[in-house]
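One chain comes next, on its own, written as structure tokens: the form predicted alone.
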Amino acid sequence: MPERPRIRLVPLAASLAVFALVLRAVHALPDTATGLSAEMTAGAKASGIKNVVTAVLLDFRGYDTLLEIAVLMLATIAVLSLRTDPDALSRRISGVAGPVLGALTRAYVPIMIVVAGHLVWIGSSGPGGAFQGGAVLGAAGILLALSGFARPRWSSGAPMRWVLAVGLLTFIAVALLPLALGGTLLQYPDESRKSLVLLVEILLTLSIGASLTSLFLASASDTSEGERR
């Protein structure tokens, strides 16, 4: 019994010590600091990418973005490999949509595809990019599935696998290209930096959209024709 108060004091002492270190670090910060904003702006301008966020993700922080895409693709592969139905990506998970939902789906899906393309294209100069465009593209695929529209047979075959993998494979190829030219990993050539970044963004959008749709289809329960869940 007498030892219990001491045991409780250990976490309190550790928390106070960490708090004191953080407080000292914050207090030691200079009154005015620009950080790396000037360097990032200059680097983005040199690359031809006006949007600093896109330049950071694919140029300055390319390792992190490459690993993020790899994790997403590995998660998709893991989910697809554990599915019990080999035709999970081509089966119906919902009955045929009613006239209202069907009409809205036919009207919205083309708009969503255009918006996804616009987000990728505008990503070099404004808010947007592959992750945003891929999310909208994946939402369009999920909306089609929930509306009961049939999916083509190739959606569970080799073409879908290539769509899932093309973004990551292209990113890896672009990352390794400078090594063959005597440079370093992810060091884009100056004369083609913007074109390579745009190519990677477009293909990553397709892969991310296909990945999100595949994850939904592989985990959704199916339904009989005409029924809805």
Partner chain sequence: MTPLLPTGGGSLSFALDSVSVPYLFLFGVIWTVSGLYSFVTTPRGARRRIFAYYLPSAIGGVTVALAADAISFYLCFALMALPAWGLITAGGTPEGRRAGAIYLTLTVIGEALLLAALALMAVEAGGLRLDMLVTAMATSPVRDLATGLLLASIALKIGTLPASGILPLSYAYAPAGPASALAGASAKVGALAMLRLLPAGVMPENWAAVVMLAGLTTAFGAAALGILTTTPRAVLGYSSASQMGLVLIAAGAGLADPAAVPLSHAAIIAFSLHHGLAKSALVLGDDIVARTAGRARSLALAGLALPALALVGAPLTSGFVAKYALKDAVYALSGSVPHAVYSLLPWAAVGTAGLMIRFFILTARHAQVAPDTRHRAPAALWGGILVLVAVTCWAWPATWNHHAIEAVLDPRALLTATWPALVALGLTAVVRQTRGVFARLDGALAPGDILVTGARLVRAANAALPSRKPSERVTAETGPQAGRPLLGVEERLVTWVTASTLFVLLAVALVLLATR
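Residue numbers count along the first chain shown, from 1. These numbers come from a predicted model, not from an experiment. If you superpose the two forms and keep the largest set of C-alpha atoms that fall within 1.5 Å, you have the rigid core.
Just so it is clear, the following notes concern the form predicted in complex with its partner chain, a form of the same protein that is not shown.
- No residue in the set 106, 118 and 122 has a non-hydrogen atom no more than 4.5 Å from its partner chain in the predicted complex.
- Once the cores line up, the CA of residue 67 ends up less than 2 angstroms apart between this form and the one not shown.
- With the core held fixed between this form and the one not shown, residue 176 has its Cα displaced by under 2 Å.
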